[in-house]
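To begin, one chain is listed below as structure tokens, in the form predicted alone.
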């Protein structure tokens, strides 16, 4: 990390007439927030694009100021390989709540801007797509749930006058094109999401996603909670990423409180996160193979993932590792016996996955289905900003474990698999490589586990202080921003799961793919509905 991140970008903006001022109430200390004028919002995004920066997230908040007045702000988080994260914010007037869209500079901004419109009533001018996104049509038009005065405890009733409003999917008038609706309710127990296909015969011309069906009001429910209560909620945003979301939330709070973890606690967090990575990749490899009719691989992967879940339950008291990260540390230490069990199982599973990988590679029926299917090119991946294994398979490979180099990864050799072809086969290859690399890091952490405490005492953050953190979860970068009010109570909160960006890549990946191959391509992405539908 460098302490010059915002200084560097402030100078670049200043060269183009964009003036900024530092805010000292944002942590970590090396990354203060820059406040810019609302008129410079889009210009700042344009300059960031010119500097080859990556859009991390944009969000809005309403903060109660010292004089008890309420002030709207929009925030922008950017990243650069050399200068790391940069935070910008601009004030929004309640009398004229609008801002200029940055989606022509960063494609992934569009859905985040739609979320801002839905939840805050801030008009985003020149947005590429102004349709409702999270707030579906049956909501009252004037309801904006993330405004401070909105009563989140009162059940939201549907507006019968809006019940007949249809979401305007991209139309096609050609007699040769069929429109195929899929979902939002699916077979099995997966979460709801709607997919609308335009197809000629079996070939998909275009696919649109409609998400938001499991919107839980996480950002609203965080308001008024203590950091401990918020951490428990953050760990349940997306169940298969409980370690990633908990770590991102805890680290943002720890930055705001200006506390440092013991080294042993950081290593224990790394073990949890990499074990979560291994388990989910194993499960997804089996599920992808099952969608292509290769049931043998599915059964073997299910067996290995179950073995991991049982050991997690024995050592960490939860099969999915929930509630193991605490503010200032971790909930459970590891005895010598526990360490040996984890080392042995990690080695055994890594070896067995390599054996299964050879079987998978030598099975023509599965290779014929995955090679060349669901391609996202390198240019497309970079334009969207695809994250995690999806981005790596297409030659776009930001990784917070290297770029932010937070503990324990500053002590580890983090290897990043980098693909180019961007198809289902390459996404499978990346997963196999990540299992091997994560296994190696888990064993390294266990064998070199530092002595010492596993917990730093928690201090309440000062009133008006914010914390920002980014963690490389198994799906990719999770970013969390928390703002504290009086007595350490959460006043505002925002989180961006990697799926919020990667869902866009799926729409590109299914072009020209046969309709029956959509489940295969979809599972190779495995975006989280819950992580998106906050």
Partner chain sequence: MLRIMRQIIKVGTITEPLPTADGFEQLGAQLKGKIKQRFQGSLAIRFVDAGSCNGCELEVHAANNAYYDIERFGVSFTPSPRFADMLLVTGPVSINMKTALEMTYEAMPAPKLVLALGDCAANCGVFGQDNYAIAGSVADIIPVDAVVHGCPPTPTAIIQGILQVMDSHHHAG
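Residue numbers count along the first chain shown, from 1. Everything quoted here is computed from the prediction, not taken from an experiment.
Another form exists, predicted in complex with the partner chain; not displayed. Remarks below refer to it.
Residue-level contacts in the model of the complex: of 347, 236, 104, 162, one residue has a heavy atom within 4.5 Å of the partner chain, and it is 236. Just one of 196, 332, 138, 131 comes within 4.5 Å of the partner chain in the model of the complex, counting any heavy atom, and that one is 138. By the 4.5 Å heavy atom rule, the three marked residues 23, 41 and 170 all fail to count as contacting the partner chain in the model of the complex.
Taking non-hydrogen atoms only, residue 185 approaches the partner chain to within 4.5 angstroms in the model of the complex. Within 4.5 Å of some heavy atom of the partner chain in the model of the complex lies at least one heavy atom of residue 240. Residue contact check for residue 355: one or more of its heavy atoms lie within 4.5 Å of the partner chain in the model of the complex.
Although the partner is absent here, residue 341 sits far enough away that none of its heavy atoms falls within 4.5 Å of the partner chain in the model of the complex.
With the partner chain omitted here, the record of contacts in the model of the complex names 288-296 of 395-403, 91-99, 288-296, 261-269, defined by a heavy atom within 4.5 Å. Residues are counted as partner-facing when one of their heavy atoms sits within 4.5 Å of the partner chain in the model of the complex; in 208-234 these are 212, 213, 214, 215, 216, 217, 218, 220, 221, 232, 233, in sequence order.
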